[in-house]
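Shown here is one chain on its own, the form predicted alone, set out as structure tokens.
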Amino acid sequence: MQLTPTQIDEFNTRGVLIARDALTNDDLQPLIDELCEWIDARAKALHAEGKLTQLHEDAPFATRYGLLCKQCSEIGQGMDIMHYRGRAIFEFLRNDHLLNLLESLLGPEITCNPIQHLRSKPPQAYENHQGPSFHNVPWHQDAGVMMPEAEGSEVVTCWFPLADAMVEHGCMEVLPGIVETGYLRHQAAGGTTILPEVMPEAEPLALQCKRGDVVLMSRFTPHRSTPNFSDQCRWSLDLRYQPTGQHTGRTGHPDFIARSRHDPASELSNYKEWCHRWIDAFESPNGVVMHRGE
């Protein structure tokens, strides 16, 4: 799926676009299957340690993680992309349907930015605290979690759910049309967030998405995560891509070439090499990993 000229114009003027039905079940199911296996293994390990009393093995994907998290928040430790490093995740980072969308915005030479996350937002009723968290993040721009040197890089965020993400599930909210202002100053207060005095006055837009939809967002678009008031987990991935050769904003973590029409041999297709790069980044830290804030 390529973006139409109208969609490209919408992205450039509003800083956000929802590409409907951009991904198929065949694209997403391997991710879900891999996560189910990881969660099951993690749950059994915690059960053996006496930290879980019920495994909820018959619960569906949409609810099992939340039921486990309600018993023991440790269930999610090590579940982010760069930590559990699943093969299906790696293969998806090079997914043709996703890269075709991005090529419409970034051109044919595309690098996978290392700022990427897998999130499972449990029902708010299961949370043992209120306010911002990894699950509920405050208003920010993605430029606020990158080094200042990357402010000129055309980094595009790709956010998509693994199941429907409606308002009741805690879908993402954005302030559309806030792109010409560029970077807004941030502070570290309950998470990296835009300073109140520079927060734009605009009506938030709830980005309700069905499974298969992909949100494309500018690095300057203010957005936040809202609480999940349903009884299901809201599973989502947020990935970032940019034209090859531009600064990633995170030199301490590994990027890689996901698509190159000019030099296909430069693309990273080796899963073990991708894993090695992340392991090396953690075991031999080098470069900068930072959020911007006052």
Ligand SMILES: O=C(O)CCC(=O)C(=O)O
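Just count from 1 along the sequence shown to find any residue number. It should be emphasised that the depicted structure is a prediction, and the values quoted were computed from it without experimental measurement.
Absent from the display: the form predicted in complex with the named molecule. The rest refers to it.
Student: Report yes if all three of 137, 140 and 238 come within 4.5 Å of the named molecule in the predicted bound form by some heavy atom, otherwise no.
Tutor: Heavy-atom distance to the named molecule in the predicted bound form: all three under 4.5 Å.
Student: I'd like to know if residue 157 sits close to the named molecule in the predicted bound form, meaning any non-hydrogen atom pair within 4.5 angstroms.
Tutor: So residue 157 counts as contacting the named molecule.
Student: Using a 4.5 angstroms cut-off on non-hydrogen atoms, would residue 119 count as touching the named molecule in the predicted bound form?
Tutor: Yes - in the predicted bound form, heavy atoms of residue 119 and the named molecule come within 4.5 Å of each other.
Student: I'd like to know if residue 172 sits close to the named molecule in the predicted bound form, meaning any non-hydrogen atom pair within 4.5 angstroms.
Tutor: Flag for residue 172 set to yes.
Student: Determine whether any heavy atom of residue 259 comes within 4.5 Å of a heavy atom of the named molecule in the predicted bound form, and answer yes or no.
Tutor: Answer no; every heavy atom of residue 259 is more than 4.5 Å from the named molecule in the predicted bound form.
Student: Which one, 93-101, 180-188, 70-78, 220-228, holds residues whose non-hydrogen atoms are within 4.5 Å of the named molecule in the predicted bound form?
Tutor: It is 220-228 that comes within 4.5 Å of the partner.
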